[in-house]
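For reference, the chain that follows is the form predicted alone, supplied as structure tokens.
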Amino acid sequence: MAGLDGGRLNIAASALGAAQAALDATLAYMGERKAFGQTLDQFQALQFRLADAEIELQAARVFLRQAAWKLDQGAADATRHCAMAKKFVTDAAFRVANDCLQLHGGYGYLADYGIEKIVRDLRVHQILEGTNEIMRLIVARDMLKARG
């Protein structure tokens, strides 16, 4: 089981990097694309969506670093934290990339922009190294074990 912890963190880190790439591409796109006489990045509602994506990625980044630190330290709860980080980060990364696709509008589906591939690839991160449902089971069982 402990051997899987590093793999789970690796999957989470890969997902985080892909979501960051999607967000970076979306920021560039929104600075160029115009609607109603202004670039998309000037619309407050869209700015809120960008802010939410950044907040989610920063939270995921901190969670991942904490789990990696616990694994490096050999902490007793490292497996639980690796499972939590894998679930949280891969779910957050998928949500962010999916939102980025939405912010691209119809262009998000075109291979030219690369967002559709990121979304498609990130979906599998929620399955690799143990599905996110299994991550929840690992966390719950560890919580119950610690209680009992």
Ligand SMILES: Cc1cc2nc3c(=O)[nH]c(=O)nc-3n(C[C@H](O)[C@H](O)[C@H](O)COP(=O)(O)OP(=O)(O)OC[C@H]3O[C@@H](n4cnc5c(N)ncnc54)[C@H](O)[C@@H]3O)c2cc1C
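Sequential numbering from 1, following the sequence displayed. All of these numbers come straight from a predicted model, not from anything done at the bench.
Absent from the display: the form predicted in complex with the ligand. The rest refers to it.
Here the marked residues 130, 133 and 137 all reach the ligand in the model of the complex, each with a heavy atom within 4.5 angstroms. Note that among 61-69, 38-46, 119-127, 75-83, the stretch whose heavy atoms approach the ligand to within 4.5 Å in the model of the complex is 119-127.
Contacts between 94-121 and the ligand, taken as any heavy atom within 4.5 Å in the model of the complex, involve no residue at all.
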